[in-house]
Each structure stands twice: as C-alpha cells, then as structure tokens.
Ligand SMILES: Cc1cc2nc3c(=O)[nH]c(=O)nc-3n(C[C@H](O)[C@H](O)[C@H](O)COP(=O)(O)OP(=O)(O)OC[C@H]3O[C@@H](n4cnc5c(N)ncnc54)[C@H](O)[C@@H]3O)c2cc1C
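The chain that follows stands alone, in the form predicted on its own, written as structure tokens.
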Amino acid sequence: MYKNEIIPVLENGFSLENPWDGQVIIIGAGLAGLTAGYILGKSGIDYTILEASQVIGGRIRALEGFADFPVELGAEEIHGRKSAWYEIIQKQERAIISPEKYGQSLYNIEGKLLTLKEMESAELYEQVDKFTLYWEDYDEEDISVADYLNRLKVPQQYHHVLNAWYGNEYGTSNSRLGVLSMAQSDNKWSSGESNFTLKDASYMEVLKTAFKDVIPHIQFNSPVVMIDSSNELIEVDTKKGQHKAKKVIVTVPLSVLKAGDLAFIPPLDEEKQKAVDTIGIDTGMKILLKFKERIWPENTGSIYPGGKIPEFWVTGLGKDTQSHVLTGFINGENAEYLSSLGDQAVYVALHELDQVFGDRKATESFEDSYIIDWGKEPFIKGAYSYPSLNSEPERISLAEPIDDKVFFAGEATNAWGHPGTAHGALETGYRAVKELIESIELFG
C-alpha cells in the first residue's frame, strides 16, 4: 500500500458524509492500534484503546541505560523510503543511517571467517545462487525453504547462512518457511529496497511524538478476554470490567489469537480460524552482549557464526557511541531452544563468539547482557508473522471484518507484501479504519 494513500488521511482524517456518534473500541496499543486511533480522532470519531500492558508500542520497545544509546528490543529496521512510517520519521527530522554502508558481514564457513566476497568465491557457492537468484520466481507446490535447498543440492556448509538470511530474517527457521508463500509475499513488496535504522533516537520516541494525542485515549492494564458481537452493541470484556461499542478494531498479535486468549462470540468462522491456524508466528529473541572492548574486526556489520545464534550485528554501527554491544537475533527453532535455557542462553552466545574469534575473546571481555524473549511476554507471545506453507492467501481472510462490526489490523493482516514490519502494521491500522468508515457510510 503506497504512502500517498495514507499520508493525507494521517494529516486530515476521513470525511464522513453524515455525522456518526458511535463509539469505537480498539484492542491493543501497538503501531496498528495507535494508527487506527489517530485516524479515528482526525475523523472526529470517539474511540478508546484497551491495552493489556502498562505501555504503548506492542513489539516496539527500547532499552535505556544498557549502552550510551537506546537499544531496540523489538522492531529496529526502517524498510525502504516508500512507506508512511518512513514519512513520519522524516517529518520528525530524525537522523537515519544505512548500516550496510558502515560495515561488512563476516561468515563462519567450515571454521574460516569469510567476507561476503570471499564466500561467494568459495567452493560450490554457485549452488547457493540457484536459490538466492531465483526463489522469487518459484511457482510450484509450496515446500519449506530447507527442503528446497536440499532439492537444489545446496552444500550443507552454506545452510546456516541461508537460514540467517531467510528463515531467521522472516521470523522463523528455513524448515518452516514456505518458498511459494515467501515469493508471493515478496513480489507484492512496494516500500523500497534500502534499509535504515535511527541514529540517535528509538522507535518508541517516534511513537510518543507521532501519537501523543492518542495516549489520553488509552486504558492501560486492560487485557481483553472476550468480544461478543451478537447484539447491536458489541460487548468487550476485560479483566477489569465491560465496555460497549458499535465497532471494534482488534490489533492483538497473531500469537494471542492462536493461544485462544481472546474469545469471540459468535466463534470465528471456519475461514478466519483457518487463517489463524495457517499463518506462522514463532518465538523470537534478542540477546544483547556488552563488552569492555571491541572484539570484532573494525568495520564489521554482522557476524554469522553458524550456531544457535544465526546472526549477531554490531548494535551501535554508525552511531556516535563508546559502547561495544552486539545484538544476537534469533527466531524459530533456535529461539525455542535458547528460550528453554533462560539466562544460560548468554553463555551459548559467548561460546559461539569465542569459537569465531578465538582466545576466549568474548568471554574475557564480556561485561553485561540483556535478553528479550518475546515468546515469554504474556500479551505478545511471539516475534512476528511469517510466510509458513500455503499461508499467503490466508492473510486476506485474517483481515476480513466480521459483520461490518469487528475489524482486524496488525502486521499479520497485511496482505500487501509488508507483514512482519512496522510500516506494514501501520498500513493495516489505516486499512481497518477505512473499512470501518465504509461500513458506517453503508449501514450507519
């Protein structure tokens, strides 16, 4: 969905042909819920956001004080220039950087630490190109990326790299990522190819600035347990009490729907339940490691050690910092294993870095750590949705309103090629309000 459609609505709201005095309840104060609330407010519609936790942001969260800059615990990259999220950041005049311009990646291939250029020149790498250059054209029966790599006879020493580039990046593992679904989603991508991060600020600072007028409409510590849309007024039950509204926008993570934490009366129909069951979402973690000194080569961007942590990146790359921090980024099967270890996962991370750099450099220089395990967050329960087998068409069903009364938003409902992203979540907040406005115009 193009930013040119969304930005004017963010500025001016929707124009209703006739006044509407109904109440809207939004469930969840993540980026989708905040966007929906903001547009409703601009459109002159009364709304309340019920947020289960004590804070806004959902899977956007920053850690202050660990380093001499805020560290992103959730969403971190700005994907492309052609999105409303990018425009919001630009409007706030936030400095952004392109990490790939500051550092190169290092890959552990059979015990040797190689640059990308060296790896591409290594033995049998041409088999990797059979996947990386052509997967977007795949149009056969959906199979996992792992099975497809085996079919293409991609050498085993490169599998961990491809798992980091694809499975882990998409929020899972290659054994669960569908080639066809990934291609179908990626071929709809329209936000641009460049990736950026904020130089000095955090995503949370952007949220608080952009949506400051929404925050007074939020009721925190209000987890919703049931939505009953069987009567004219929808009843929304929280652990604190009941609310009533004419329209409801549900923005909770897909993992919360999968867990059954939110009951629907009447129950979700077969198509929507199939969508909930089919679209994937796994556990996701970030392990932050702070060191007394830099243990990686200068100008390093990312490190791919080939173990349980698919990728470490230099957290302060391109920033004005004296802190030496690495972020270990883990999703899917690897995250499930490390999550089971609790705090001991830090020592797995240090061990893998020691193997890469030798001489126990990581362990000897280790100073502090922090783990965010999104699967253990009670109102989140996972990382972000991904293209599991045969899942891409299901996003339309997941986003479908119920009787023009209950609407759905959140990154998992993005059927335009941007699931699993912040800007994709924002787009769905806009789409849900647009559908709601259309229902008002048609049915009142």
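For clarity, every value in this text was computed on a predicted model and none was experimentally measured. For every residue, the number given is its place in the sequence shown, counted from 1.
The form predicted together with the named molecule is left out here; the points below concern that form.
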- Choose from 345 to 353, 72 to 80, 178 to 186, 264 to 272 the stretch whose residues reach within 4.5 Å of the named molecule in the predicted bound form, heavy atoms counted. 72 to 80
- Query: Pick from Ser229, Asn108, Ser222, Ser144: which has a non-hydrogen atom within 4.5 Å of the named molecule in the predicted bound form?
  - Reply: Ser222
- Using a 4.5 Å cut on heavy atoms, which of Leu50, Ile45, Leu398, Ala415 is close to the named molecule in the predicted bound form? Leu50
- Within 4.5 Å of the named molecule in the predicted bound form, do Ile27, Val256 and Phe329 each have at least one heavy atom? yes
- Using the partner position in the predicted bound form, report whether Trp374 sits within 4.5 Å of the named molecule, counting heavy atoms only. yes
- Query: Can any non-hydrogen atom of Leu40 be found within 4.5 angstroms of the named molecule in the predicted bound form?
  - Reply: no
- Message: At 4.5 Å between heavy atoms, is Phe66 in contact with the named molecule in the predicted bound form?
- Response: no
- Query: Though only this chain appears here, would Ala32 touch the named molecule in the predicted bound form if you measure heavy atom gaps against 4.5 Å?
  - Reply: yes
- Taking the named molecule in the predicted bound form and a 4.5 Å non-hydrogen atom cutoff, the residues of 280 to 295 making contact are Lys286
